[in-house]
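Quick heads-up: it's one chain on its own, the form predicted alone, in structure tokens.
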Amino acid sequence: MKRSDVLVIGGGIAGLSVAARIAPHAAVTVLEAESAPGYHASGRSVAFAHYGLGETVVRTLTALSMGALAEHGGLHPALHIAAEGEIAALDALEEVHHQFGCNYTRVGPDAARGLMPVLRAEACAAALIDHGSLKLDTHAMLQSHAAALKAAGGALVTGARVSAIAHEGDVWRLTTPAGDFSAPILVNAAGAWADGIARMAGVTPVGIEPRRRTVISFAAPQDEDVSRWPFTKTVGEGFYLLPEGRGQLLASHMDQTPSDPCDAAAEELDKAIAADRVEQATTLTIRRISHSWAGLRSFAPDELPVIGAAAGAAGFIWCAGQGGAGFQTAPALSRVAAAAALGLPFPEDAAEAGLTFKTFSPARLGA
């Protein structure tokens, strides 16, 4: 039996970031089911930090995280486009950018096409340019947290899929192929599998729903350097599109198909929808999809993160439901989760922004 002060289940961005925060204060071990960290959602995220995602709480966490994210992200403009019938949605998004003090510009269709020359006229009646958005290096972020964990004396154990959880006295005991582990504090950062871990531990699930998101990759127009094209996203149902180097483009139709927890794969219909939406809104022709993948983004019923102690289960801490904002909220949310796990005060800057432990508590979901 390998003893720690804290066990974290899940080696994605949620688990690694909170473990790195905890490690200077307590002996922490991260248990990852796969052969490497970040195998599932975290390893498949496009991870572009912007304010067109989530609602007020998620956007507040994003604002609190932007300074730290700059270490592993490069400035890259985000172009939010609206067709004629979507101007009200663009107005609302502009108000969000104003509220959070973003460096942005509201522009007309000509200026938008100056940045994104392949846009069709009917796809963009107006647009908003966020000059402060960030293209994140997800691999660097994961490795940075893993290195910080190790430097503080913590451990990351891969190939450690949890098969049994027991609570004996004040200690959680976990069984895995990599051995048995115990700790008085157990942090559930298992992403799509978070409710399954809770059931295994005899804890009431919170209703985490995994949703599949599909991304396709295809060649840019011949002899066209697209690296300066902005991240382009419709304000309503539609798609996003962004460059991947000089000659490749990535796109998604922003699907949110409910799924069981699994090793997600892109389905042909989703790939076809993504390609069609790009071709309908731009002059691009997608002759061949060179690569595609899918990941599971996990949501609580109210689509807010779930952070905090489970009722009636001493030492069981939720850290789940980050949705599609795991990377861009990790710097702030990991501090909230570490404080919840260690019994520390709520982070001062987050409190000043109007957040509290109650904001994220599983109690709001009856768990």
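Computed from a prediction, not measured in an experiment: that's the story for all the values here. Each residue number is its position in the shown sequence, starting from 1.
Although not depicted, the form predicted in complex with a small molecule is the subject of the following passage.
Residues placing heavy atoms within 4.5 Å of the small molecule in the model of the complex fall in a single listed stretch, namely 192-200, out of 220-228, 265-273, 192-200, 116-124.
Proximity to the small molecule in the model of the complex, defined as a heavy atom within 4.5 Å, holds among P77, P210, G73, G295 only for G295. In terms of contact with the small molecule in the model of the complex, the residue from L342, A33, A313, V57 that brings a heavy atom within 4.5 Å is A33.
Put simply, R161 is close to the small molecule in the model of the complex: some heavy atom of it is within 4.5 Å. At the 4.5 Å threshold, heavy atoms of G52 stay clear of the small molecule in the model of the complex, well away from it.
For W172, no non-hydrogen atom is located within 4.5 Å of the small molecule in the model of the complex, even though that partner is not displayed. Of the heavy atoms in T29, none are within 4.5 Å of the small molecule in the model of the complex.
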